[in-house]
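The chain below stands alone and is given as structure tokens, in the form predicted alone.
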Amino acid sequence: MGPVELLHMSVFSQSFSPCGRFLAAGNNYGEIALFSLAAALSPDATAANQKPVLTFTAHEGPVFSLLSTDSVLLSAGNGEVSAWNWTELIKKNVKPLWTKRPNYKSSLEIPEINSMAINPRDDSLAIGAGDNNVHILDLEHGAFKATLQGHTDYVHCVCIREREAELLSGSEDGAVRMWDCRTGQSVHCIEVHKYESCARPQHGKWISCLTTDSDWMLCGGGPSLSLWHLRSLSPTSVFPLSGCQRRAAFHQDMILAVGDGAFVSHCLLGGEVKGQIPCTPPSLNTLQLNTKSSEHRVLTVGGGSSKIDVFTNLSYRAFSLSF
């Protein structure tokens, strides 16, 4: 890859291996890079250890979403989902186990897949797509078993509320929909931009980030990032962050958020912004916490750059991995 391609690279997605020793990252060129965290974090690491141990082209279009199961890396790009065996990837054997494409209505345009989430209850994969639908793939049998229809524009993000057997989806149409996983019916629809405390008409109404923690939901995008209580379906905190947030995560008694701007925002549940930690990319698309390995417990963030920042301590960037 030449200097011009590197200059225009964006990292859209990340996922840690089941053992927590490797990080996979997907970019706008359809490539997935595999980094060895064990090597990059070792005391005698060199610059070479911050480069990928493997880079391969997985899809024709950008890799907007990556997700790991106990044994497989799932990647989404160009309207399809592919599965790669982690053990084989670590051995540098690049061959997908399978590639599936949802049943789109039109064969002319290929809707992108923006987000994926695994429902552990029934071993299914929820896929948020550019055809305004959420497609449900049965991972055990390899067949699509349901299409959740209700959004009127792109679905940007999906997440599972496991205890309640609910799936949440956020869309360009400004709505967060809550679906009953058993029936496939939409049980609630929250139009975040209609709440005065969250609305930011200058940024639009689209929902670009969504995550849950039992009875709580974080969502944002055009509207301000906000914390919602799902039993009362009301916002309890609104975070005064400028720009659009693209990813957010609950971490201990804090919220981590990234989006427009070269920083990770640390927010308190009450709504205060505790700090903003500088990053290398000018804007950020992806944030991932490695909870799978106590030895390699890091936060990694990527965005409008070929570099992925690694935080061993949440209050400062330790070093950067680079494509």
Partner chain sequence: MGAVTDDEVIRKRLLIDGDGAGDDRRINLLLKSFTKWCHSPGSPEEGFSQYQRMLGTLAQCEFSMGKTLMVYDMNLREMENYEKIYSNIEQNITSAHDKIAECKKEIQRAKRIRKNRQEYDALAKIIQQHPDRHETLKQLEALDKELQHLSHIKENVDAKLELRKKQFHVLLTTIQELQQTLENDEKSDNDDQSQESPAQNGE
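What you are looking at is a predicted structure, and each value in this text was computed from that prediction instead of being measured. Numbering follows the first chain given and starts at 1.
The same protein also exists as the form predicted together with its partner chain; that form is not shown, yet it is the one meant from here on.
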**Message:** Just to be sure I understand the contacts: of Y195, Y154, W216, Y104, which is the one whose heavy atoms reach within 4.5 angstroms of its partner chain in the model of the complex?
**Reply:** W216
**Fill in**
As a check of understanding, the residue in K95, H229, H141, R182 with any heavy atom within 4.5 Å of its partner chain in the model of the complex should be identified as H229
**Message:** Is its partner chain in the model of the complex close enough to G20, A38 and D70 that every residue in that trio has a heavy atom within 4.5 angstroms of it?
**Reply:** no
**Message:** Looking at 266-274, 40-48, 285-293, 25-33, which stretch has residues with any non-hydrogen atom within 4.5 Å of its partner chain in the model of the complex?
**Reply:** 266-274
**Message:** Is S237 part of the interface with its partner chain in the model of the complex - any heavy atom within 4.5 Å?
**Reply:** yes
**Prompt:** Is there a non-hydrogen atom of Q252 within 4.5 angstroms of a non-hydrogen atom of its partner chain in the model of the complex?
**Reply:** yes
